[in-house]
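In structure tokens, the next block holds one chain alone, the form predicted on its own.
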Amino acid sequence: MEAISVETNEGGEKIENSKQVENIPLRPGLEGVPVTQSSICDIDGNKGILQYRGYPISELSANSSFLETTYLLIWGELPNSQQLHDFQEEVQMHRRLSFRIIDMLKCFPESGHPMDALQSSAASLGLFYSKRVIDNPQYIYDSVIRLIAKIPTMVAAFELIRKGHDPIRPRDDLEYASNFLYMLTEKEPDPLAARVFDKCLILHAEHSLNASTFSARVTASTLTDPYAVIASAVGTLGGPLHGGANEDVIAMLEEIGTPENAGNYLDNAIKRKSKIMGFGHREYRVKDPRACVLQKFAEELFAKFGKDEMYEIAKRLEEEAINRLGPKGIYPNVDFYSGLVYRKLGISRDLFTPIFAISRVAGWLAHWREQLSANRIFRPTQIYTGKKIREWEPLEGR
């Protein structure tokens, strides 16, 4: 049990202080501990169900667009035709970056990881647009528009700058996904490639209270500006235990080499108790519903643009893994096939996680708004394991 004492600060606001006692169990990483209430996303890991605002991910990926899904996540309901038109138009109008941000990106080292560049450039938006008036609905709306619009431009700009090229200006006549692919290549993408990429953004847009979303909510709870919130989430996503697994999946498939080697690779990994990239999830005990959709997208791309030898290795590895690991509830997750999709779209491997961030900005902003609606600053307690009160020892006696 906790002993609670209540104090007040200078403004008379109540402050709760809790004293930890020995019989309170520690839950490392807060695993399974509810810390907030949310109406944004629901997951049933045993049945393989993922819903945004009550809509199954399979329906959204089949019928919606990324910007329509973004509107749903952030504002709570699907837009009507006028609302969607206005939202899309606002995003299109705000895609461009200040020349000062472009100059800043040019100063970053070419060897720097794109996630680090994205975190820095996202934070820099606060220098231009932060007013700390988060009780102002117009400021909230404008911030949503700017972040959804400018984050893809930042990712594409750094990709070209680090290769020694000038960034490509966004095109107002292209839709969200098409415009991003255009800014990477200066070529208007094939309609199938643009459609698949747009659907991929939907699949990655939100996933409940994962590490980066929790980071966003903790930062939001301090009532800082939304640009700092997104920069905080990007930094968290950049960690190897959160984002970036699809990069490692491609490296793993390259190491396996051929479909015939998949079984031996898997057996050796199990024997060594090594992590098998793209398999297993904290939430799911069946195949990740997003992986099911991504696999179909991959096959669509291969049918039109040619096969990828890595896909045959992936399929064989999944077959072998289901036999060995399926009974333990370990199946492919969203990262297992997403890298293959991005690879076929010609996207650099170290851009996989920044693309994840482009998509997840929608979910982070939805949680930012929800946190503001019933805010209480996060202040968990701890179990102290250090030394008890000690006597000071003068320097000459140490």
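Here the structure is a predicted model, which means the values were calculated and not measured. When you see a residue number, it is the position in the sequence shown, counting from 1.
Same protein, other form: the form predicted together with s-citryldethia Coenzyme A (SDX), not shown, and the subject of what follows.
* Name the stretch, out of 150-158, 117-125, 270-278, 165-173, where some heavy atom lies within 4.5 Å of s-citryldethia Coenzyme A (SDX) in the model of the complex. => Partner-contacting stretch among the options: 270-278.
* Let me know the one among Asn210, Ser221, Gln88, Gln295 whose heavy atoms come within 4.5 Å of s-citryldethia Coenzyme A (SDX) in the model of the complex, would you? => The residue from Asn210, Ser221, Gln88, Gln295 that makes the contact is Asn210.
* Asked: Considering Arg282, Lys106, Arg96, His113, which brings a non-hydrogen atom within 4.5 Å of s-citryldethia Coenzyme A (SDX) in the model of the complex?
  -> Filtering the options by heavy-atom distance leaves Arg282.
* **4.5 Å heavy atom contact, Ala245 to s-citryldethia Coenzyme A (SDX) in the model of the complex** => Judged by the heavy-atom cut-off of 4.5 Å, Ala245 is in contact with s-citryldethia Coenzyme A (SDX) in the model of the complex.
* Contact test in the model of the complex: Gly306 vs s-citryldethia Coenzyme A (SDX), heavy atoms, 4.5 Å -> Contact with s-citryldethia Coenzyme A (SDX), no.
* **Exercise: His367 in contact with s-citryldethia Coenzyme A (SDX) in the model of the complex, heavy atom 4.5 Å** => The answer is no: His367 has no heavy atom within 4.5 Å of s-citryldethia Coenzyme A (SDX).
* in the model of the complex, Pro240 touching s-citryldethia Coenzyme A (SDX) (heavy atom, 4.5 Å) -> Contact check for Pro240: yes, within 4.5 Å of s-citryldethia Coenzyme A (SDX) in the model of the complex.
* Using a 4.5 Å cut-off on heavy atoms, which residues of 350-382 contact s-citryldethia Coenzyme A (SDX) in the model of the complex? -> Contacts from 350-382: Phe356, Arg360.
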